[in-house]
Each structure stands twice: as C-alpha cells, then as structure tokens.
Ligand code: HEC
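Let's start with one chain on its own, the form predicted alone, as structure tokens.
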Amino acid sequence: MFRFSKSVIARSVAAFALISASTAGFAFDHFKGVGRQATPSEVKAWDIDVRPDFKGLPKGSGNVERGNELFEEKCASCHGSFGESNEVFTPLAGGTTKDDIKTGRVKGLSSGELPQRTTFTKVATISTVWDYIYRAMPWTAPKSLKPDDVYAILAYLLNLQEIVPGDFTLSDKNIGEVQKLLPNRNGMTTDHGMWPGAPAKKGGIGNGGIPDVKNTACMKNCKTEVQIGSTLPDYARTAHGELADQNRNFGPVRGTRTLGAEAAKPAAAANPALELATKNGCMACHGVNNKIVGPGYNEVVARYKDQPDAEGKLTAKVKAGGQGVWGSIPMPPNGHLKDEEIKTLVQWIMAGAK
C-alpha cells in the first residue's frame, strides 16, 4: 500500500481547490442542476483519517481487559487469540524486545534475526494502527467499531507487546505518551528518492525527491514493452473468498476469480449460497476442500453427516459461534444473518458446498 505525505496531499487538495474555484461559476452556469456543494456532514463522513500528530483522533478511551474481550469476539478468528496467528494474516504481535522500546528501533529488522515481521516490528506511528482498525476492521464488518472499542483493542495489542501494563487504559489524552514507547518509532526514514524534498546525501540516499530509478522517456516507436501483472499462489487463492466480487463495480480494475469456473458466472445466478458465504466472510476462514483458519467444509460434512439433527446443530453453531471443537481459534457469532440465510448456508455446506 502506498502512503503519501500530508504535504503532498495538502498541495494536491489546494491545487484542486483553486481549479474548482476558478471553474465553479462556469460549471454551474452551463450545467444547471448538475451537482451541488457537499454538505458539512457529508464532508465529515469522509474526513476520518487520524494523522501522526493525532489531528482527527476522536475522543474516547478503552482498557486492556475490555480490549481482550473485543479481540476474542471480533479479531481472533483471523489473528489468533494473542495476535500471533499466521494462518490468515501476518502476525500482529511479537518480534520486539525491551531494548527496542528503549531505543525506538527494532534491532531484528536490521540484523535479520526476525523470522517474520509483525505489525509492531514495523509500525512507527501508533496513529497508523488506530486509524487502520477504525476504518477497516473487523474484516467482515469494517467501520462497525466505536472509538472506545478501538482504544480498547489497541490497548490490548500494546499490552501483548509489553508496551503498557495489564491495567492500562488508553485514551486520546495519553496516546501521545504511548507513541514515545513504540519499539520502531524511530524506524521511519525519509532518506529515499520517493520522499518529496528529501535532501541530497552522499552515497545517493535522499536525492531531493528525484525518483531512484532511471529510464528514457518514450512516447512512440518504443522498442521495449513492459507488462505488469500479478499472480496468487494456489494455496492462497481462496483465502479471502471471491476476490472479483470484492472490487468496486466501476473503473478499470477487477479482482481475479478465485473460486473456480463456477464462480466465473454472476454469483447470484450461479450459486446464491456461495455468494452468501463469500459476502459474509465465511470463505476467508473455510475452504471448500481445505482448512484455512477453520475446517474445510468437507471436514464439516464428514463430522456432522451421521449425527442426529446435524442441520439443526450446525445451524446453532453458525449462529452462536464457538471455540474448542476445531481448535483454539474461535468462530465469531453470526447473529447478523437471518435464520433463512443461515439455513441456506448450512444446507449448502451439508450438500458438499457445491
């Protein structure tokens, strides 16, 4: 994911504002009835980012204990009970030491001692973590957490990293002090060509914003063609359900079809149950024929097929969630689904998820 500095964004917004101001009269004189000024509430709904200086941070608080409860309920199914799972996403916690907290630089990043990077080995600003949780989590219900929930979950993660004690309450009042304890708070650098205005330094590090690659501009009769693409390894293709259906329905970019030839048809026409499972995040944790976080649907069928009232038992399990039957990672409850939707899912699973 690319991140741009606030100065770049500010200049871009300022330029757009000037252009808009100079053309506003023309636009509305010649196209009356087309468009309108955004209302303050509409602007506020989009203006939700939290900066490293904590501008935009909502007021609130949450303690470690409450964060533990929320994490188990809403986060552990993908991240593991202690944020260390590597089955769905890269681990959140681990990889730092008390010395790293003192220095603000994670030694393992430069020494190569880390077997795998985690969120807290890399992140330099605590606002980044708060902002991301608030905007994008949980994965199946983004923007459903209230500010106090985010403070609590983040407090729990900070406690897992031994940055704050178990009785700690994180709030908008003390988050700036926590920033001073982040293990990699001094790990961010602007000494590279992609950072605008980076001063030129010996050895070619930091070259005043000039890109750190060289090429010859070519507008026609170019001899070299560049093809840009990406692939997913087979084992990861179904980890997040049907990617094509998760993209916006406009613009040039489409996600690849990841659930086989059948899914290449419109999901609703091809298989309403599969669409329902994909839309509600079931396919992020369950493969049809393989375990991801939870069991593969083939394993579920094998366990329940000879049990009395298998459909009723599985329906109750899907609705209420649970932990311990298939391992330590809990399945979150799905009370937001209608009873008939759960019934559709269960019947589909018991029929082999076909």
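Counting begins at 1, following the sequence as shown. So that the term is clear: the rigid core is the largest set of C-alpha atoms that superpose within 1.5 Å between two forms. None of the values given here were measured: they were computed from a predicted structure.
Only in words, not in the display: the form predicted in complex with the named molecule, which the text now covers.
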**Message:** Test of understanding: in the predicted complex, would Asn298 fall inside 4.5 Å of the named molecule by heavy atoms?
**Reply:** no
**Request:** Find out whether any non-hydrogen atom of Leu158 is located within 4.5 angstroms of the named molecule in the predicted complex, and reply yes or no.
**Result:** no
**Asked** Does Lys74 reach the named molecule in the predicted complex if we count a contact as any heavy atom within 4.5 Å?
**Response** yes
**Prompt:** Is the gap between Ala353 and the named molecule in the predicted complex 4.5 Å or less for some heavy atom pair?
**Reply:** no
**Item:** Non-hydrogen atom within 4.5 Å of the named molecule in the predicted complex for each of Pro138, Asn280 and Ile349
**Value:** yes
**Message:** I need to confirm a contact call. Of Thr258, Asn184, Ser127, Thr119, which residue comes within 4.5 Å of the named molecule in the predicted complex, counting heavy atoms only?
**Reply:** Thr119
**Asked** With the named molecule left out of view, which of Val178, Leu243, Leu114, Ile133 would have a heavy atom within 4.5 Å of it in the predicted complex?
**Response** Ile133
**Asked** Going by the named molecule in the predicted complex, which residues of 301 to 317 come within 4.5 Å of it through any heavy atom?
**Response** Tyr304, Leu314, Lys317
**Request:** Establish whether a shift of 2 Å or more occurs at the C-alpha of Gly322 between the shown form and the other one, with the two forms superposed on the rigid core.
**Result:** yes
**Message:** After superposing the rigid core, is the C-alpha displacement of Ser61 2 Å or more between the shown form and the other one?
**Reply:** no
**Asked** Asp49: CA shift of at least 2 Å between the shown form and the other one after core fit?
**Response** no
**Request:** Compare the CA separation of Lys74 and Leu276 in the predicted complex with the one in the displayed structure, and answer closer or farther (the difference is at least 3 Å).
**Result:** farther
**Request:** Using the form shown as baseline, tell whether Leu337 and Asp149 are closer or farther in Cα-Cα distance in the predicted complex, where the change reaches 3 Å or more.
**Result:** farther
